[in-house]
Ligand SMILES: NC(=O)c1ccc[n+]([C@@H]2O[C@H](COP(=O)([O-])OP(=O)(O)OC[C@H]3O[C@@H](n4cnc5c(N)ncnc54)[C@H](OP(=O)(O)O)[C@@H]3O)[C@@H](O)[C@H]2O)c1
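The data below hold one chain only, encoded as structure tokens and taken in the form predicted alone.
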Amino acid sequence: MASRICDSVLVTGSNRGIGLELVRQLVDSPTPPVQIFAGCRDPNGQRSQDLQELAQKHRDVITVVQLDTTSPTSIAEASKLVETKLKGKGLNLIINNAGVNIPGSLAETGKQEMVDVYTTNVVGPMLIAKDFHPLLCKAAAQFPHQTSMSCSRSAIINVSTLLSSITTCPENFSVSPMYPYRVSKAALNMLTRCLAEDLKKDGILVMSLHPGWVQTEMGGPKAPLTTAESISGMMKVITSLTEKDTGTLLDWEGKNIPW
């Protein structure tokens, strides 16, 4: 029997696209997590209908959680709900998938666009890590004799992008300027490195993962990857992560992306 990726996982931004497919493939895996917490801003809205239908089909595994990653109050309340549902156990894995993109050249980008995207793509994952830290620590502590890191023990995965890479920017900037998105995701990478160093003492793995250019509402119809293909690759990477991967940026095929 295939080993379980983890006992419990929180996926943010799970009502559509990459987040929804993550929840779908997690629950459909040969040995699914015992508990999947699917966070989304408006659980009862029209855009969450597919998630609600999936949750109804797997009511014993999936819990839909109201989670607006731009709201500290929403994040705090979500952490309390997850803690209650875990019944004394820790949370093994957080996949910070919620993100926004406001495409914009320098001429099109102003203060508000930069602030709005940064708030969602950087501040949100930071607050999630902060509020859920005790539950991640509790999960890591459930393996007192295990010194190695893994997603089955305790981990945070921040969904990043190739466009966050400062090194490769000259290769793709002309095709996708996207000032707010690029800058925010580069900042997310630094958040990943900071958290990786800070939480190493707690046995918590932290890394960034690029899902590829995917056919979603954000990625558009011209993207070369389907959500199913992207998430299938991501799942293999997530399962194979060890302490050597903490603080790194990998793509959905497990290849390293330079900062």
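All residue numbers are counted from 1 along the displayed sequence. In this text the structure is predicted, and so the values were computed from the model without any measurement.
Same protein, other form: the form predicted in complex with this ligand, not shown, and the subject of what follows.
Partner proximity in the predicted complex, defined as non-hydrogen atoms within 4.5 angstroms of this ligand, places exactly one of 169 to 177, 149 to 157, 82 to 90, 97 to 105 at the interface: 97 to 105.
Within 4.5 Å of this ligand in the predicted complex, a heavy atom is found for every one of I18, T70 and P211. In the predicted complex, no heavy atom of F132 sits within 4.5 Å of this ligand. By the criterion of a heavy atom within 4.5 Å, K57 is excluded from the residues contacting this ligand in the predicted complex. Although the partner is absent from this view, T63 stays clear of this ligand in the predicted complex, with no non-hydrogen atom inside 4.5 angstroms.
Not displayed here, this ligand is approached by T216 to within 4.5 Å at the level of heavy atoms in the predicted complex.
Of all the residues from 106 to 124, the single one having a non-hydrogen atom no more than 4.5 Å from this ligand in the predicted complex is T120.
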